[in-house]
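First, one chain by itself: the form predicted alone, in structure tokens.
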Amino acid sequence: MPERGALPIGVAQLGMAALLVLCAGAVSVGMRLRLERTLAIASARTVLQLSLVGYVLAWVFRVESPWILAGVLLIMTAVAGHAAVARSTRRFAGAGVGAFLTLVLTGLVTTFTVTGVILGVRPWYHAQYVVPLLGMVLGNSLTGVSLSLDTLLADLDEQRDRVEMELALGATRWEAARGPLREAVRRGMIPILNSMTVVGIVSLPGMMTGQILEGADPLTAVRYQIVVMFMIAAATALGCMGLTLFVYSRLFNERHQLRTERIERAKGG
């Protein structure tokens, strides 16, 4: 019988794994992509960031303090909100705050629903469950939120004449914005829908793979992954809707006017 549980990985194994990055470096050199420096920096950051996270999480799990956990969750969400806005080619004053508040609300609601209601974790704020689950929610939903933000701002900016014409002809701000809002949420949902379509056939998600490597029954790992995929889908949908409504409230005033002058193009966008 093969040994159950994940095999230990030492420094030597990590060194051999690092050699795999040389394959990417060889491609860059061979095709003159000039990405060698970027690849080296990204690899170093991967090692440093994950190592730091490993030590921090080990301490957080050991202490099991709700206040420390709250601080960790807020930091994770703040970074995710910043990343969501940074990926957009357009932005406006307050976009970062809107993304942060949206991810806090949708991320925590869906995560604690899973830990406290679906899985029945006791206590419901048990860090060993909350931190990795929220991490998966944020890692996936920020992509959808960023796409929604970019799509909505681009549509309102590029289709300003059409929107203003509808407003001038008597349409309310909601009637004029409804089309761009719907398209933005739809675009934001595409990545998670694509993932759900091919999961288990084309890809084996990280959580499921990790449980199987630890020796868990594959059917148990599958059930956990199903819960996670549904959780991510809900968080993404709510996040996209929440942020687009926030943008709507900031760019349309009570006099049913579109404030496109508040939209700014990101540097390099």
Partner chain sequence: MTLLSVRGVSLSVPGRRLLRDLELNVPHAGWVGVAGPSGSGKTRLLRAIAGLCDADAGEFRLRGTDRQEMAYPEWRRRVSYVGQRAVFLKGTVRFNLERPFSYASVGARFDVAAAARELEQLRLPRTVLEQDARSLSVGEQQRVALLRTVSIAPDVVLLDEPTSALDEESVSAVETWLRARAEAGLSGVIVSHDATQLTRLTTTQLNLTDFSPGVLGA
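Numbering follows the first chain given and starts at 1. Just so it is clear, the structure is predicted and the values come from calculations on it, not from any experiment.
From this point on, the text means the form predicted in complex with its partner chain, which you will not see here.
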Seminar exercise, completed: The listed residue (167, 199, 104, 76) that reaches within 4.5 Å of its partner chain in the predicted bound form by any heavy atom is 167
Problem set entry | Interface residue in the predicted bound form among 82, 162, 187, 126, criterion: non-hydrogen atom within 4.5 angstroms of its partner chain | 162
Exercise. In terms of non-hydrogen atoms within 4.5 angstroms, which of the given stretches 85-93, 110-118, 154-162, 141-149 touches its partner chain in the predicted bound form?
Worked result: 154-162
Exercise. At the 4.5 Å heavy atom threshold, is residue 257 in contact with its partner chain in the predicted bound form?
Worked result: yes
Problem set entry | 4.5 Å heavy atom contact, residue 194 and its partner chain in the predicted bound form | no
For this session: Mark residue 72 yes when one of its heavy atoms lies within 4.5 Å of a heavy atom of its partner chain in the predicted bound form, and no otherwise.
Result: no
Exercise. Relative to its partner chain in the predicted bound form, which residues of 173-200 have a heavy atom no more than 4.5 Å away?
Worked result: 175
